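Given as structure tokens, the chain that follows is alone and in the form predicted alone.
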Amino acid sequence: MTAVETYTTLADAARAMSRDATYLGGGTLVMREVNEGVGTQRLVRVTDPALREIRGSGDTVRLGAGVTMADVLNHRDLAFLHPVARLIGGPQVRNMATVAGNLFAAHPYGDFATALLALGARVVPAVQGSARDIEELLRDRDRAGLIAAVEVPRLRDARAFGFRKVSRVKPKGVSVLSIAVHLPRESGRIRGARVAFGAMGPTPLRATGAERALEGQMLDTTVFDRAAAAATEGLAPPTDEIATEWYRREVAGVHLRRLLSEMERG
């Protein structure tokens, strides 16, 4: 029998967590495991309304850990993330799936985390400690602890960000791979390129080879070709029931090039 413990604050929940407990956010993945008899039998949840808050401050938008994909779609300051949230499951899933939960979603899920990685988001822990880069959390998710919020930069130019999801079932199927690109520009040249792939490793990963090919350049077909050729450097695409490693490597550069072309056209 599964026991559900409810706390009013994240601090109380953090103290209650142990190896035999699982945090219950939206429950889109956790409850499926519980229903299949493979999840833990002790669930911990929090009712603090702050977890559903979205607050803008200067150049940053702070999303509470419990903010759902539907919440993202209903917030105008997050318009640049609407194309991403819209591709997370159907309406029922979007009403439940949370921002923080997506950070811990196992392969092949985690499309929203891929977008956050490309944007250079920062993660705010539930207990004492300063915000840290999302890349650090993704490298060691098992020891991340509970999350209070995620901070994303407020994009002044939505054209600097692009997202593409590749799936066999359109439009809401599980990803063969997903790609998120953030290309801030100064005087027409890319400064601080970030390219992230989902479903190309155990967690979303940055494509550092593609980033090097883009950095300092102006968007044109030659640069697209270089970035596409370097797309899979350092990545570790798996073979699973959705696609093989070979297939993912073959199509990753093709889809990156298409996304870059779409971003150039605006």
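As the structure is a prediction and not an experimental result, all values here were calculated from the model. Residue numbers here begin at 1 and follow the sequence given.
One more form of this protein exists, namely the form predicted together with a small molecule; it is left out here, but the text below deals with it.
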| property | result |
| --- | --- |
| Of Pro153, Pro184, Gly89, Pro83, the one that lies within 4.5 Å of the small molecule in the model of the complex (heavy atoms) | Gly89 |
| Residue among Ile147, Ile190, Leu138, Val176 with a heavy atom within 4.5 Å of the small molecule in the model of the complex | Ile147 |
| 4.5 Å heavy atom contact, Gly110 and the small molecule in the model of the complex | yes |
| Close approach of Met200 to the small molecule in the model of the complex, 4.5 Å, heavy atom | no |
| Arg55, heavy atom within 4.5 angstroms of the small molecule in the model of the complex | no |
| Contact test in the model of the complex: Met96 vs the small molecule, heavy atoms, 4.5 Å | yes |
| Site test, Phe161, Arg194 and Ala236 vs the small molecule in the model of the complex, non-hydrogen atom cutoff 4.5 Å | no |
| Location of the small molecule contact in the model of the complex, chosen stretch of 207-215, 220-228, 23-31, 237-245 [non-hydrogen atom, 4.5 Å] | 23-31 |
